[in-house]
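Next up: a single chain in structure tokens, the form predicted on its own.
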Amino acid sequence: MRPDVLTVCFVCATQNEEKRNLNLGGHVGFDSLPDQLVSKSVTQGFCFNILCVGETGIGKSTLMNTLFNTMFENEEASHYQNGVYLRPRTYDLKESNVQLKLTIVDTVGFGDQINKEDSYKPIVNYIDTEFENYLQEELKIKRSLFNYHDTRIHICLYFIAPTGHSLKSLDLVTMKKLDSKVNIIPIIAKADTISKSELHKFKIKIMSELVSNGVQIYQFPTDDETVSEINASMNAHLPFAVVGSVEEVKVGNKTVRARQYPWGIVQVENESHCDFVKLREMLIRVNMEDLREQTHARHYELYRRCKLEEMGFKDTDPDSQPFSLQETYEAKRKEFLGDLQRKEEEMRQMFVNKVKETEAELKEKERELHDKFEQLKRMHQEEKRKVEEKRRDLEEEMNAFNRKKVAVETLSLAQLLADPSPDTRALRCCYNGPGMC
């Protein structure tokens, strides 16, 4: 029998063979792997990043303080921002022996501008920037992901104004731009400002608008049997209607966190008053790790794949055959070198053409200057000729004048000599001297 036929028969026999469960003769110890993983994770600590998107004054900071039962450092934002900018703040929290590095990102100025067309762009750019930072860390030769502070957004809490009517265009556009980049949980802020019946209708209206516009929000996972029942029931409560407060009010014999009004008290942790407890349970106690996994396995992988495809990397060649990263790198390098040489040749040719054009322009200017010089030279010679003619004319006039002057003087003297009058004789004596008198 040929070796290849023997190999096929062996593989078929192996696949048809049923799996065997071996009973251990004693305790080995690999059942402690979950405990080792828990111990290592607790020692390393965890990180969780929350993006709060909502209009100024809708209660984002108050809800964060209520959610983690602490007072974070907050700066009150004004309603006069020129644009939207994101303000991240990182805090180190500890509960029992578990450390959590919490990052809360606030959207300052969101919804305050008259033109809200580009309000979502700073948010999208921030999420992409955090993905890019993580990708650059992964692509390093010497990586340090163990100590790397992961700032990728794990959850986006989108705060909806309690209008009781429908979602705003800004809300739909923003959530549509973000649903492929981050896990979105819509929540109705300040839910104590609308009645119970209006709140129920408002929730139905919001979910129908999200479905009709194709907005994908985060659905609590139901594949895990331990939490499938509670997550399935909580998916029906979306969006959560929440009330936040850090004020403590005494109700009966106990002190609770609540908002006190002239007509009564709204208890934050009373499930008949609002969905704050449901949000806290689903977000932190039950599904925090799933949010982290979804961010890495779904949203970050989508960004990473698109980014690498833009860079020219691919897994298969045109014939659908496996394509290694080294081959992709070499092909991309050759393509880059070819483009570089082509651009270099274009720049060289462009430089030569530019030099020729400059030389032609300089020669044209030189010819123009030479013509102008010849013209000025001719004009100078003409002016010089005219001046010489004028000088000769003046010299001739001066000679004629001198000749006339001599003739006049000679004539006057002859007349004086010829005149016999006494006065003339006396004048002649004075002119010629006493000896001639």
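In this text, all values refer to a predicted model and were calculated from it rather than measured experimentally. Numbering starts at 1 and runs along the sequence shown.
Beyond what is shown, the protein has a form predicted in complex with a small molecule; the following relates to that form.
Visitor: Just one of 335 to 343, 95 to 103, 189 to 197, 122 to 130 has residues with a heavy atom within 4.5 Å of the small molecule in the predicted complex, so point it out.
Guide: It is the stretch 189 to 197.
Visitor: Between the options I153, M175, V243, L167, which residue brings a heavy atom to within 4.5 Å of the small molecule in the predicted complex?
Guide: Among I153, M175, V243, L167, a heavy atom within 4.5 Å of the small molecule in the predicted complex occurs only for V243.
Visitor: Is there a non-hydrogen atom of R259 within 4.5 angstroms of a non-hydrogen atom of the small molecule in the predicted complex?
Guide: Although the small molecule is absent here, R259 would touch it in the predicted complex, with heavy atoms inside 4.5 Å.
Visitor: Closest heavy atom of E76 to the small molecule in the predicted complex, within 4.5 Å or not?
Guide: E76 belongs to the contact set for the small molecule.
Visitor: Can you check whether I58 is within 4.5 Å of the small molecule in the predicted complex, heavy atom basis?
Guide: I58 belongs to the contact set for the small molecule.
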